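The data below hold one chain only, encoded as structure tokens and taken in the form predicted alone.
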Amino acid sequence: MSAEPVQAAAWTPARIGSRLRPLLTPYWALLLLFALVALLAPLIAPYDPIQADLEAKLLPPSSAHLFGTDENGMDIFSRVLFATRTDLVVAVLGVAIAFVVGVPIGALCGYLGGWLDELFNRTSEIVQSIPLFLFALMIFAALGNSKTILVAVVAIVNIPIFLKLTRSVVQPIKNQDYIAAARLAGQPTSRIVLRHVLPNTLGPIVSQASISAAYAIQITAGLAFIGLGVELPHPEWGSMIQQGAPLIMDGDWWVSVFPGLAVLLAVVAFGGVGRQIARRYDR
């Protein structure tokens, strides 16, 4: 009697659950919540985020205004929701640009070495040696104050991070036997880097991307706090904190506390996801 052919295991609920279990953590849930808020803000927000109502200014949290109102009568809950879209887009887009630029350059520097490695390594050190806010002030003074320039600042600040991390990961990989075999087979450098080197560096790099997104949110909020990047009255967490900070002494704490909590939770979510990915890679 012939044996039955062995079939691949079906995608049972248990197997699907084992695949999804690493994502079922508070950090991933919080990150998903922020993403949903950013996407659905126009549907969730009960008020226009830039509509002033001087008759309703500085109202405390209530059923009508969940997070209260600011000194212009704008609903803080609606502004926090729309600011989620602003801050996440700036952070994620800036980090994505830094990833796309920094990772390939870092891989080439780590693999080839020589003058190319020295040039980009020294350039990265120069960029990192300039204080962040001084660097941002120079960029905004030269190019103007806009969300696009803010994304560029986030990207430029993060490019050296990805470049150096990728370079440090690639250097030991380039001496592996499979890389030597690819060279002996006559494969071009670009193919070796893209097909054999980069796939083996993605663990720590993806982890760093999430951590860099947390850092980017701090940069975005910090620059907006001093009036750079996102112009009022457009909702942004940092500018909302700056607007409400002087009012705390008068007891109107809600104006700055709720956007401050949003910044804190977003940083915790991105940072937690990054650390979780790093732990999974280290196993």
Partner chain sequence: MRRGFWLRYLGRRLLAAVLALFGVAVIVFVVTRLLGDPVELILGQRATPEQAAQLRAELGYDDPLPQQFVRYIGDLVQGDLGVSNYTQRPVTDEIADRFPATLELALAGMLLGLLWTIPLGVIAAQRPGGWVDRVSRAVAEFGLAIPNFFFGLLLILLFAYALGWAPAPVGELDIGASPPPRVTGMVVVDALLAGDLPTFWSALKYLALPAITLAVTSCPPILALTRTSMITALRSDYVRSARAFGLPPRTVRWYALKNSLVPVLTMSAMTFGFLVGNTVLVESVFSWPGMGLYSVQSMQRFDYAPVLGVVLLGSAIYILVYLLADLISMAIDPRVREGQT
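Everything quoted here is computed from the prediction, not taken from an experiment. Residue numbers count along the first chain shown, from 1.
FYI, the form predicted in complex with its partner chain isn't displayed, but the following is about it.
Asks: May I ask you to choose, among 241, 31, 59, 41, the residue with a heavy atom within 4.5 Å of its partner chain in the predicted complex?
Replies: So the residue touching its partner chain in the predicted complex, by this definition, is 241.
Asks: Is it the case in the predicted complex that 221, 260 and 268 each bring at least one heavy atom within 4.5 Å of its partner chain?
Replies: Yes: 221, 260 and 268 each sit within 4.5 Å of its partner chain in the predicted complex.
Asks: Which of 147 to 155, 165 to 173, 124 to 132, 201 to 209 has heavy atoms within 4.5 Å of its partner chain in the predicted complex?
Replies: It is the stretch 124 to 132.
Asks: Although its partner chain is absent from this view, report whether residue 249 comes within 4.5 Å of it in the predicted complex, heavy atoms only.
Replies: Output for residue 249 is yes: heavy atoms within 4.5 Å of its partner chain.
Asks: Closest heavy atom of residue 228 to its partner chain in the predicted complex, within 4.5 Å or not?
Replies: Yes, contact at 4.5 Å.
Asks: Any chance residue 142 has a heavy atom within 4.5 Å of its partner chain in the predicted complex?
Replies: Residue 142: yes, in contact with its partner chain in the predicted complex.
Asks: So, residue 245 and its partner chain: in the predicted complex, are they within 4.5 Å at any heavy atom pair?
Replies: Output for residue 245 is yes: heavy atoms within 4.5 Å of its partner chain.
Asks: Taking its partner chain in the predicted complex, which residues along 86 to 104 bring a heavy atom to within 4.5 Å of it?
Replies: The stretch 86 to 104, when checked against its partner chain in the predicted complex, contributes no residue at the 4.5 Å heavy-atom cut-off.
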